[in-house]
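What follows is a single chain, given as structure tokens, in the form predicted alone.
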């Protein structure tokens, strides 16, 4: 997919998109390579969107077998168990996605994403990880940053009726129109590890409560050796204790992380499909922006809560642009 021009077939298929964002943007999409690890509901929404948009290739990584919980929000897995044939989630999703757009190459990469070496990630323009540990997020992000080229890194997680996206574009330069002229913009992004290491007391007072709540549960899962989602309301007393310790360490009032919010995030082990559609749609939009070079990218956290229907962008970094 290293050619410079769209084929006649691509031009016909993507005609409406080309009218919206131009042939150059579509050409960039058709040359792009995306890796996705962790195929829960939010991520399969994202995969559907970028495949329909016409990316060059999509590589799926998820060796898990199908479970009832996964079926609650993953519409790419067929409901008939007789069709599974011992296939992993990634293999079943791959079969379905190929039908969405035969012009996009969809493949499966087996293995633990945290074990892949730095050179493996050099094959991609975008890396998206989901439903993985705090350590894995940091490690994969660090490997992407070691490459000579810029690889856009995203994490996405949905818990119950809430969703979070994190973005690291490193040093990102793009152009946008302002009045009658085109200006060059530069955004400097911190790594995931640096972003979540920011002292809470240094953050603006009105930072989303979801930011803090997600960090508490993330730390709890890491300390307990749990996989994302392997929590319940029975863990609430210990999570509240960790919240107290973290708030004291960061000089933050515990009221910034309400009991009710933590309880909701712990109780909702299954994803809420409408939230998956919204957050997966936002993620797809952001990745298409970065690949195509069209539009202001998100920096650097996005939160959505179905309880109030609000989507909030938070810039958690030392430098704000």
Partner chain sequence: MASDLSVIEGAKLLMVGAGGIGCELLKTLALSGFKDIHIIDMDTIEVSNLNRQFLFRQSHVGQSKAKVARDAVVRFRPQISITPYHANVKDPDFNVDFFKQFNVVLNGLDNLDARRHVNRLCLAADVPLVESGTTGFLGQVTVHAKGKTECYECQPKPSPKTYPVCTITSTPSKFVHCIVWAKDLLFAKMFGDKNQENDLNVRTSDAASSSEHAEDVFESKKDEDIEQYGRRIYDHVFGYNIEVALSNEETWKNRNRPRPVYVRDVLATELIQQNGNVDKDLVAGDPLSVSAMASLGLKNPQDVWSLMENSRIFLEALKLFFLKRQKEIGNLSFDKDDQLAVEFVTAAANIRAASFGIPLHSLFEAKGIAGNIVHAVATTNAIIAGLIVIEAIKVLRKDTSNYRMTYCLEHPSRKMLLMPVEPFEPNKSCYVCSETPLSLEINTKRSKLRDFVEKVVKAKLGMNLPLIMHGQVLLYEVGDDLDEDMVANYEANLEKLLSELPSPVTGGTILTVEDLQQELTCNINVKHREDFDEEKEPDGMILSGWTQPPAAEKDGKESMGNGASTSSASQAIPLETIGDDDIEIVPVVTEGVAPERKRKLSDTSNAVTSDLSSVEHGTSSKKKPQEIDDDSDVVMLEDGDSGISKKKRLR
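Small disclaimer: the values here were computed from a predicted structure and weren't measured. Positions refer to the first chain, counted from 1.
Below, we refer to the form predicted in complex with the partner chain, which is not included among the displayed structures.
- Just one listed stretch, out of 145-153, 71-79, 228-236, 85-93, contacts the partner chain in the predicted complex at the 4.5 Å heavy atom level, and that stretch is 71-79.
- Residue 282 is the only one of 34, 290, 261, 282 with a heavy atom lying within 4.5 Å of the partner chain in the predicted complex.
- For the marked spot (277, 310 and 313), a heavy atom within 4.5 Å of the partner chain in the predicted complex is present in each of the three residues.
- Contact between residue 100 and the partner chain in the predicted complex is found at the 4.5 Å heavy atom cutoff.
- Of the heavy atoms in residue 49, some are within 4.5 Å of the partner chain in the predicted complex.
- In the predicted complex, the partner chain lies farther than 4.5 Å from every heavy atom of residue 25.
- Within 4.5 Å of some heavy atom of the partner chain in the predicted complex lies at least one heavy atom of residue 45.
- Along 16-51, a non-hydrogen atom within 4.5 Å of the partner chain in the predicted complex is carried by 16, 17, 18, 19, 20, 21, 23, 45, 48, 49, in order along the sequence.
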